[in-house]
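Just one chain follows, in the form predicted on its own, and it is written as structure tokens.
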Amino acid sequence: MPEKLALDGGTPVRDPKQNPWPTIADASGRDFGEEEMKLLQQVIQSGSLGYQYGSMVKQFEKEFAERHGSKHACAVSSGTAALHTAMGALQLEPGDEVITTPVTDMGSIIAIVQCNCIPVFADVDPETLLIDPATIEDRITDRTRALMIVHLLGQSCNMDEIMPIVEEHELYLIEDCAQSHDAKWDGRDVGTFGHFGCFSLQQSKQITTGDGGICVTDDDALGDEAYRFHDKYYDRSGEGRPVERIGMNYRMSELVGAVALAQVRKLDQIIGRRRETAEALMEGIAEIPGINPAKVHPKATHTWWRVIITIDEDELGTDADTFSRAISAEGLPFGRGAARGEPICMLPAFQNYAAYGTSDFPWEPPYGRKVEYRLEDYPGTNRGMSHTWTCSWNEGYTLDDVEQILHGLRKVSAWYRGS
């Protein structure tokens, strides 16, 4: 006889109020310690808290660039700032179009619009939520200048299919790697395929400083533009170049740089712990009838910012809505879909073209065009939002936690299958 579901009056597998799951919001799911404290103490004792005078930010940039085999790195104040810095370095024209994904954070889109460019949204694979390369071609116009892809949840996009599109149409490529530190495609680091790779150090990411970011590039000219853009276009090289353009102040402080340096030196161990538990979870799920583990491409090395599952409703014997209620009642740490549960372009900001005052700039002619953002244009996204379940993953999860999650999923599967 199957174990009675909590949804139907049974005992939950876990009560998160009494026994919370490890979380990225505090020390239960984050790896901070003596390494960070030692470097922070050095900064305080030095009295140099600005990157212009200290060494922590510069050393972080050096080690991050070396880790990715990149020539240049620019540390900034957030992942959004990293993307805006990369976009700013490209010097696109008002009204130029940048294709991206409808499953992402606002930071990706802010970087496009704040460079006076127009975001155009491709669709996603409904099982992985990664941008679907087949839908990129359909969105290319004579105003398309760049492609911003998002390596989502810890997994790389399909670079074998994306790079030929970039090359054929001579597009700039920005890789948003905010959720995918250390992820790889065919053994190559994400962030190293395009003109820029942009990373976030926000609280939830694989490594964190609370907020912070960094972008990398192999292009000398773009690297120079990015470094000046992030620092008001001031020239810190000693060459005495004047302020030639309008930039931003996205400088990373030495205090943040100290934590970033300690964190990047821990990246291997952090990713190792995430992989151990997430892969154990996926292996266990693969043995549960009606519930499917994350779809991971054979060429992708996943680093598990979130775990994702899907179901086979016919085999499981219930629908998506009921499954959602059942796993929630068991106390399992999954939520339905990702991001906001709909294509990001359904937000009022995009529906109302609201970026600058009461104008429709940059969408309004003669600068650009009024791109329509319609829900029905994103069937993959809509399916993915209603038929995937994701869970924020972190280095605090243990194999005991994994077994409790598997217990709950086995319980739900057995109940609805009647076995």
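Only a predicted model underlies this, so the values are computations on that prediction, with no experimental measurement involved. Residue numbers here begin at 1 and follow the sequence given.
One more form of this protein exists, namely the form predicted in complex with a small molecule; it is left out here, but the text below deals with it.
Interface residue remark: residue 205 is counted as part of the site for the small molecule in the predicted bound form, having a heavy atom within 4.5 Å. Contact between residue 104 and the small molecule in the predicted bound form is found at the 4.5 Å heavy atom cutoff.
Residue contact check for residue 83: one or more of its heavy atoms lie within 4.5 Å of the small molecule in the predicted bound form. Interface membership of residue 78, defined by any non-hydrogen atom within 4.5 Å of the small molecule in the predicted bound form, is confirmed. Among the residues 156, 303, 217, 108, the one placing a heavy atom within 4.5 Å of the small molecule in the predicted bound form is 108. Of the residues 343, 119, 212, 197, just one reaches the small molecule in the predicted bound form with a heavy atom at 4.5 Å or closer; this is 212. Contact with the small molecule, judged by heavy atoms within 4.5 Å in the predicted bound form, is confined among 173-181, 188-196, 233-241, 279-287 to 173-181.
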